[in-house]
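The form predicted alone is given below as one chain in structure tokens.
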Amino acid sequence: MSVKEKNKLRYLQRYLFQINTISANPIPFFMSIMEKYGSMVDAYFLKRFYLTTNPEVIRHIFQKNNKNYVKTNRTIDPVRDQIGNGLLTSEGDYWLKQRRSIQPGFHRKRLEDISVTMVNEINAYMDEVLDVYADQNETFVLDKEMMHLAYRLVSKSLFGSEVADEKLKMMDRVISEGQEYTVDLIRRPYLKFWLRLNGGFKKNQENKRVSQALIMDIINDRKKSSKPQNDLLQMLLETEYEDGSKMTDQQLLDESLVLYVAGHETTALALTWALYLISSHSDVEQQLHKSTLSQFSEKDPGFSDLRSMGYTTQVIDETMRMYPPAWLLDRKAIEDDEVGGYTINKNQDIFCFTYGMHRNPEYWENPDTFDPDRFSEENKKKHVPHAYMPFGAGPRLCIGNNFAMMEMQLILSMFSKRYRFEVLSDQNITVQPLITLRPGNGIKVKVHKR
């Protein structure tokens, strides 16, 4: 091999290494270019795109001129292929029709009934799982356990208590494997051919078939039942369009999958990061325990208590500032546009870098410090509009944001009342940005009864 050929090979190896490194975790790369070039950057990585942490630009894209922006094909197409054309993945008039029809179903009475189911499931989980870990002084991986808990809660909230646990566990497994496959396709689209060769594609198709069959069985059983439930599936079944028609089986399947996937992982990860941060900040832990105990010393929290959980809510808000589950939101321009002196061409991708915006010192004092007091009623008045958006913004604000907040408030307050979590030392806690923001190597903890 000639010297010229060897140099070309070395260049190619370095280039592929950079692609794999950035694909595995683009956050350091994104943070570095934002620090160097500002809050709106014309960047290139495999494809040209804008990267922004500018609240005014984000407001324009998500709210003022939101009709000109859709989710990018390379992100949303694999997700749509995996979980169908539900609220998370649909666009245009169809999305608007679904949103307007489903939104009223998340009313106060339904959330109140679901909160009772949640409290019962949290109590059962603490008795069956966390108490055992505490009694045996056993180490466990926090994010895995929060995934298990979130799956229990969203399964019961979505499908009620009539579905066998074995079915729900199988569904959780195949859907989780499907999410990992989808992330691989989004991050490394060049693997598509290899996944067909190594059996990954075939396995994923079987997982999709199993998950869809399980959910359709649940839907069909509910349709035959004479006893309506006050859960999210019942809400979907009762949803009516303006002409009086109801959802088809395919629509019920798609929307159920979206609610399951979106309501499962994001909440689990927010709770994981919250417990990690609380256990690493003794002053916050003590204040949270004190406020929880003063409010719920003789009872479990309930739906009517949610608005008065001031400090618990502050802890959750500050956690999602530092570790937003939706760390990156992508859009593509339908037509040419202009915002803040920047020209956005038709079909150009724009990445709204939530993680970077939430840690931008221009909008947050000491942004890498965990400080729940940022979200006191007084301090919230000082926030820059649209500089904080853990659930998105504009018309496509997450439809389940109140559901998710309720779930996190109940879990955190009930945990704080009974336990103290201890993060084991000598761990390298890193972030792993997939579709959601996960801990890179898991977070090993112990739990102690109070």
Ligand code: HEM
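Residues carry their position along the shown sequence, with the first being 1. Just so we're clear, the structure is a prediction, and the values are computed from it rather than from any experiment.
There is another form of the same protein, the form predicted in complex with this ligand; it is not shown, and what comes next is about it.
Colleague: Of Leu195, Met216, Val174, Ala326, which one comes within 4.5 Å of this ligand in the model of the complex, counting heavy atoms only?
Modeller: For this set of options, the contacting one is Ala326.
Colleague: Would you mind picking the one in Arg59, His383, Arg396, Arg418 that has a heavy atom within 4.5 Å of this ligand in the model of the complex?
Modeller: Spelling it out, the residue with a heavy atom inside the cut-off is Arg396.
Colleague: Would all three of Ala262, Gly392 and Phe403 be in contact with this ligand in the model of the complex, where contact means some heavy atom lies within 4.5 Å?
Modeller: Every residue of the candidate spot has a heavy atom within 4.5 Å of this ligand in the model of the complex.
Colleague: Quick one: is Val141 in contact with this ligand in the model of the complex, heavy atoms, 4.5 Å cut-off?
Modeller: No, Val141 sits far enough from this ligand in the model of the complex that none of its heavy atoms falls within 4.5 Å.
Colleague: In the model of the complex, is there a heavy atom of this ligand that lies within 4.5 Å of any heavy atom of Met408, even though the partner is absent here?
Modeller: Output for Met408 is yes: heavy atoms within 4.5 Å of this ligand.
Colleague: Heavy atoms within 4.5 Å of this ligand in the model of the complex: does Val315 have any?
Modeller: The answer is no: Val315 has no heavy atom within 4.5 Å of this ligand.
Colleague: Any chance Phe370 has a heavy atom within 4.5 Å of this ligand in the model of the complex?
Modeller: Heavy-atom contact with this ligand at 4.5 Å: absent for Phe370.
Colleague: For the chain shown here without its partner, which stretch in 373 to 381, 202 to 210, 295 to 303, 254 to 262 has non-hydrogen atoms within 4.5 angstroms of this ligand in the model of the complex?
Modeller: Only one stretch qualifies here: 254 to 262.
Colleague: What residues, if any, in 58 to 93 have a non-hydrogen atom within 4.5 angstroms of this ligand in the model of the complex?
Modeller: Result: Phe62, Lys71, Leu87, Leu88.
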